[in-house]
Structures are given as structure tokens and as C-alpha cells.
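Only one chain is given next, in C-alpha cells, and it is the form predicted alone.
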């Protein structure tokens, strides 16, 4: 496949409501939208790097630099047979998985569209619907949190994830259990704790959680393994798994029993699929996490979550969970059974509404073959 040009757009989308984690509070979501064109057909992807280096060292600025100066030239200068060759082609560029994922996902969509198959089919998906869970950020107080949980359960979400941080942990889990009983419930710490906080996790162990996600530092596999040995609740790793190699090490060390696969965090669909395949072979459950994506990134995640190893509810919500008006049509809608439909049209299976995209674009640039 000969890529003729690539376009980058920095966008800024206003969230329906602020989203707070141990990293901080977000009211607007920036992203880089990537489009790649071949034979007059466009493929679309989304780079999920944020405005600051909180979740990851990558930012909008670093991703733009790496995409512009290294990744885009490589696909404009040399034809592409399959997107699965890109991780090796880009191996000289150390790190920067979010930048890589943004461009690679656009190329997966482009190839699927040119072949007139759905992205789910191209990836090896087997489901026509995927289970959806909800991620609930830190609220002003416990009563406010319980109201949000009740509203989300009424909407049909199959699993509730509560963001926790020191001082906002055991109390809220206890309150949720007392109010809602044995609902599928999990906690996400976003690296806010350390092994000295073991007593907190031993207390959380009493509440029958599905999992505790990323309790310790993103660099720490050893202490996660120690924690997993001392509690019954499965540890799920997120930020610690940045590549298929990290996933292999984590499983070998016993650092977790579940992995949250975010394509943006691990370098794109090819690496995400490799992690899925290894976990499937070892009977380790996985689920797909979200990064407040627009409908473009969400469509990619839904296609990935249609693979057979994604056996737990995913952090993939309806479009209106985060945005008043998404960039795509049709928007993703939560069915009453707590599922999202997997698009069956060519590529990501949704249409990008260019007028809406233009309204939220704050910067853009086109890179053309032979002109970079």
C-alpha cells in the first residue's frame, strides 16, 4: 500500500462533566486526530497523549514532534504491506507508544477500508457486541458518588470502576457495597499507593472486588507481585504494561492476574493484539481500557475488544458519556443489556463528521509523499 499523505489535527473537546483521578482533574480533552490517505481513501486514528505528562511522559507536543519528524516520513517513504510490520519498522524510535498508536491505528483503518472488511474482522474479532463498564471519577463526597453509581447502573453498565486515592478508598468501597450489594465492582488507584499501604489493600480485600487496578508505580512490577501474593483480590496492571514484553514479564513474575489493554499505551493495535494473544494462551483475562477517546479512538477500541480474550467488561462507554456531540455518526449507544454494538462496515465502521472535526481543531498540518 502506498500512503499518499498524512494529516495531523490537534483538537480540544469539552467533557460533559469533569473527570477526576489521582492524577488530577480534566475538563477538556485534547487529542491528535490522524488521517492517512491511499488511492483517495482515508483511514482514521487517534493519538491519546494528553496536555501534560501525568499518565504518561508523552504529551500532545511530544507526540506531534515524533509523528512529524520520524513516524510519518517512514510511511511516506516506504510502501506498507501490513500494519503489523510497523512496530518493527519503528523499533529505532524508542518509546513514544501513543504517537505510534495514533498513526498505526489510522493505517489499520485504511487497510481494512481498502479491503472492504471491518476492522474487527481484520483484527480477528469474534463478537458483534462488547460488554461495557463505567469508570467513575473522584466525586466531592460519598453521597454524590452513590448518586452517580445509581445513575450509571440504571443506564445498564455491567461493571462499576471507582477511582481511588489515599483518603478516598476504603470508605467509598464500603459505602458502594452497602448501598448496591454484590454489583461487579473494582477500584482503580492510578499508581497512587506503595507497598507501605498494604493494610489499605488488605481492608479492600474484604469487599469482594473484581480487581484492584494499578495500585503502585507504573515502573514497579516487583512490589505488585508482592502485593498479589498477600491479597486475594486480583491485581490488574495498566500503566505498568507498556509493551508485549512488559506483559510477559508481569505474568512471569506474578505481578497481576488481569491486564487492562489500552492500544494507545502499548503502541498500537499490533502490540495490543500480541498481548491479547499471549494472555489468551495463558488463560489470563483482559479488558480494554479507555483514555477519554472521541468516537474515532472508541471505534478502534470497540473493534479490539471484539477479540475472544476480552472476557471482562471494558471501559468503553456510550459517546454521550463524555461528549455532547461526538465526531462520528452513528454515535456509540449503550444498549439496555450493557453492551455496545461492534460496527460491521468497512474499516472502523463509522463516519467522521468533518464539520464537527473542523470546529474543534486548533492546529493541523498535511504531510505529502515526496514533499517532507
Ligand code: OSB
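This one's a predicted model, so the numbers in the text were calculated from it and none came from an experiment. Positions refer to the first chain, counted from 1.
Below, we turn to the form predicted together with 2-succinylbenzoate, even though it does not appear here.
Asks: Given that the partner is absent here, state which listed stretch (34-42, 336-344, 315-323, 60-68) has heavy atoms within 4.5 Å of 2-succinylbenzoate in the model of the complex.
Replies: Partner-contacting stretch among the options: 315-323.
Asks: Does 2-succinylbenzoate, in the model of the complex, lie within 4.5 angstroms of each residue among 9, 46 and 104, using heavy atoms as the measure?
Replies: The answer is no; none of 9, 46 and 104 reaches 2-succinylbenzoate.
Asks: Identify which of 190, 139, 243, 233 has a heavy atom within 4.5 Å of 2-succinylbenzoate in the model of the complex; exactly one of them does.
Replies: For this set of options, the contacting one is 190.
Asks: 276, 224, 163, 100: which sits within 4.5 Å of 2-succinylbenzoate in the model of the complex by any heavy atom?
Replies: None of the other options qualify; the answer is 163.
Asks: So in the model of the complex, does any heavy atom of residue 285 sit within 4.5 Å of 2-succinylbenzoate?
Replies: Flag for residue 285 set to no.
Asks: Would residue 291 count as touching 2-succinylbenzoate in the model of the complex under a 4.5 Å heavy atom rule?
Replies: Flag for residue 291 set to yes.
Asks: Should residue 332 be counted as a contact of 2-succinylbenzoate in the model of the complex, where contact means heavy atoms within 4.5 Å?
Replies: Residue-level check for residue 332: no, no contact with 2-succinylbenzoate.
Asks: Hey, in the model of the complex, does residue 262 get a heavy atom within 4.5 angstroms of 2-succinylbenzoate?
Replies: Residue-level check for residue 262: yes, a contact with 2-succinylbenzoate.
Asks: At a 4.5 angstroms cut-off on non-hydrogen atoms, which residues of 54-84 are near 2-succinylbenzoate in the model of the complex? List them in order.
Replies: Heavy-atom contacts to 2-succinylbenzoate in the model of the complex: only 55.
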